[in-house]
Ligand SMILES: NC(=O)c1ccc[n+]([C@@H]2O[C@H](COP(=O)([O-])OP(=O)(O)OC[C@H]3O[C@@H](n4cnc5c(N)ncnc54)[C@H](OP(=O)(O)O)[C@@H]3O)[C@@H](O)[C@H]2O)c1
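Next up is one chain by itself, shown in structure tokens, the form predicted alone.
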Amino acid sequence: MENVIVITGGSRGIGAATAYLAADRGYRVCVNYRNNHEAASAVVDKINQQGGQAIAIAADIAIEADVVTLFNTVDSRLGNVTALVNNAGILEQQTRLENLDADRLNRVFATNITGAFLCAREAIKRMSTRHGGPGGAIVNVSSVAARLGAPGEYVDYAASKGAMDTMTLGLAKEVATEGIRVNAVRPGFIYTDIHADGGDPNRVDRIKESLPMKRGGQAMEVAQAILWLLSNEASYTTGTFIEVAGGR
């Protein structure tokens, strides 16, 4: 059986690193992206040039119709999905909770919570033995912010990741007898572009001395944890979390 993986938000950072590593381990790779076609195409081109098989598909996972189209396209172009990495996530400018409005909350939650649920739904329809599927694995990319709360920065983002953690636990139990494992990684303080989205591009360097390991992490270090959770080496692991946060 060919392994087919969908990686949401796969054009940069942790998503791109996961795409490269998955391709190296024999997966057919779907790199999902929302806007940055150039970056997604660069990831796909590199994989294909190195002998892998990858495609890029534009879809805003906050939009249900886009998610359905994304998975239908993967069906026709790569085959049956056996792995999903719910990596796409957004945050906005650092601020205190009293400055948040409903529009911001709805934007963050639509991608980080609703999008993850919708993608998991479509993956389960294809993977579950209950629906005639071959089984598979889902890894949700959460954050240590779910545990730390991100006070004074983005409590809304942290809350969205807390919801993802709860979904991981519940869904893992829901589909445990259907050949599907569901786990999560909680990155923290990783060198990616998401910190610039929050208005603090040097955030990792600013706080790294406060971490037990005294350094920031690399996207590939998170990708390695993700690929382990997807692999047969983690065959008895579900509903659990790996923290990749330098000991914080």
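None of these values were measured; they are calculated from a predicted model. From 1 onward, residues are counted along the sequence shown.
What comes next is about the form predicted in complex with this ligand, which is not displayed.
**Student:** Here the chain is shown alone; which of 56, 180, 47, 59 has a heavy atom within 4.5 Å of this ligand in the predicted bound form?
**Tutor:** Of the candidates 56, 180, 47, 59, 59 is the one lying within 4.5 Å of this ligand in the predicted bound form.
**Student:** Would you kindly say which of 69, 202, 210, 36 lies with a heavy atom within 4.5 Å of this ligand in the predicted bound form?
**Tutor:** Selected option: 36.
**Student:** Thinking of this ligand in the predicted bound form, which stretch from 97-105, 83-91, 168-176, 128-136 has heavy atoms inside 4.5 Å of it?
**Tutor:** Result of the contact check: 83-91.
**Student:** I'd like to know whether residue 19 contacts this ligand in the predicted bound form, with contact meaning heavy atoms within 4.5 angstroms.
**Tutor:** Judged by the heavy-atom cut-off of 4.5 Å, residue 19 is well away from this ligand in the predicted bound form.
**Student:** Hey, in the predicted bound form, is residue 190 touching this ligand, heavy atoms inside 4.5 Å?
**Tutor:** Because a heavy atom of residue 190 falls inside 4.5 Å of this ligand in the predicted bound form, the answer is yes.
**Student:** In the predicted bound form, is there a heavy atom of this ligand that lies within 4.5 Å of any heavy atom of residue 194, even though the partner is absent here?
**Tutor:** Result yes; residue 194 sits at the interface with this ligand in the predicted bound form.
**Student:** May I ask you to check whether residue 141 falls inside a 4.5 Å heavy atom distance of this ligand in the predicted bound form?
**Tutor:** Flag for residue 141 set to yes.
**Student:** What residues of 156-187, in sequence order, lie within 4.5 Å of this ligand in the predicted bound form by heavy atom?
**Tutor:** 157, 161, 187 sit within 4.5 Å of the partner.
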